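Just the one chain here, the form predicted on its own, laid out as structure tokens.
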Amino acid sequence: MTRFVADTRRDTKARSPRLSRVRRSPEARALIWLGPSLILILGVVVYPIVILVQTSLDRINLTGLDKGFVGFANFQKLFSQPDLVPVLWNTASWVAVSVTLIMVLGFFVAELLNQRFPFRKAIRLALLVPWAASVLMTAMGFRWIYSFYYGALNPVLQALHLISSPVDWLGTDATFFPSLVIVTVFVSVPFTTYVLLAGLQSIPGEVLEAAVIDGAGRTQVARFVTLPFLRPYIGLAAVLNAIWIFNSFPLVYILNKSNPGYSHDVALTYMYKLAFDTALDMGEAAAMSVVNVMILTVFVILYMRVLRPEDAEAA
């Protein structure tokens, strides 16, 4: 027994330097700290994606019963739908137009708030309200404003003689997406403004003074000094806004709730209707979800390249 204890102690002493080296290694310490986060990502992100892909390859009946593997039949059915291409076009145009307007307006508002004027701090705080408010509440508020029967917008525009009769802002093809873009810009401009304002305040004052001394005008300063310094902030804000807008399900669903069909839908609301509203086809909806995940993956790759521009240049 004594000999066994002595051998065990010798083995422990022989292994202890190796164990201590493992504990001291940066990789092991990083794994210890990142372990809980990795487990959370596996449970919240990776596992649902695996189940989503599995569902997209199965046939699910109306009661949710899995009827077995069908391969790519759900994707074939999805890609044969005549409404898919218009929905994807709606999504792309909505995101592109909204992000463009948000970046332009955010830049001008950031330039304004970067100047010195009375009550600047109060105005900066007030700008946070549209961004901090619930998206669902904002969508409901604008739905009431746009309402054909009792909305506030039509009477105001009629009183200003801008329109002669009430307009169904959310019910026609010509007015729905402009109305949606306005709400999207209203919600997103505050975040973009603060991102660009942080970029403006990071520009060294000596650089701006040197440009003015050299005779550069306001436009030249903005083009050759301000915009180059803001390029990382612009890229970051643009990609984050594109991701947020693409995922803005409550905004589109609430504003488009009373319209039949898919003519005003985007990718997320189309997926929802396939699953729970019109088609009641979970397999096809899962296939659409896979398409949405692939689109978001492209945005995430762009986001990572914006965060690490040196890697993009090296590639």
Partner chain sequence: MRSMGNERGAIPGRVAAVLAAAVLLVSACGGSASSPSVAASAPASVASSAAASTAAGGTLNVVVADYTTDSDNWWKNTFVPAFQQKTGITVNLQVMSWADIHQKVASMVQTGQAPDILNIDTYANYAEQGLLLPVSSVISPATQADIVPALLKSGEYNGTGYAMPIIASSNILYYNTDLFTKAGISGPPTSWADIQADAQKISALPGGYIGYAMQLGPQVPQTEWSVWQWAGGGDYKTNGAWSLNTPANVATLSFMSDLANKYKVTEVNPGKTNMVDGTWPLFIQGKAGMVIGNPAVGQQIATKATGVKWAAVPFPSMNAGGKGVVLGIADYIMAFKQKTDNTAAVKQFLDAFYAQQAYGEFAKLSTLLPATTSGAATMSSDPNLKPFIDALAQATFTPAQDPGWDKVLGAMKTYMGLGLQGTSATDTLNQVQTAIGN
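Numbering follows the first chain given and starts at 1. Because the structure is predicted, anything quoted here is derived from the model rather than measured.
This next part talks about the form predicted together with its partner chain, which is not shown.
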query: Contact label in the model of the complex: Glu206 to its partner chain, heavy atom within 4.5 Å; finding: no
query: Heavy atom of Phe75 within 4.5 Å of its partner chain in the model of the complex; finding: no
query: In the model of the complex, Pro86 touching its partner chain (heavy atom, 4.5 Å); finding: no
query: Partner proximity in the model of the complex: Phe148 to its partner chain, non-hydrogen atom cutoff 4.5 Å; finding: yes
query: Stretch 141 to 175: residues contacting its partner chain in the model of the complex, 4.5 Å heavy atom cut-off; finding: Arg143, Phe148, Tyr149, Tyr150, Asp168, Gly171, Thr172, Asp173
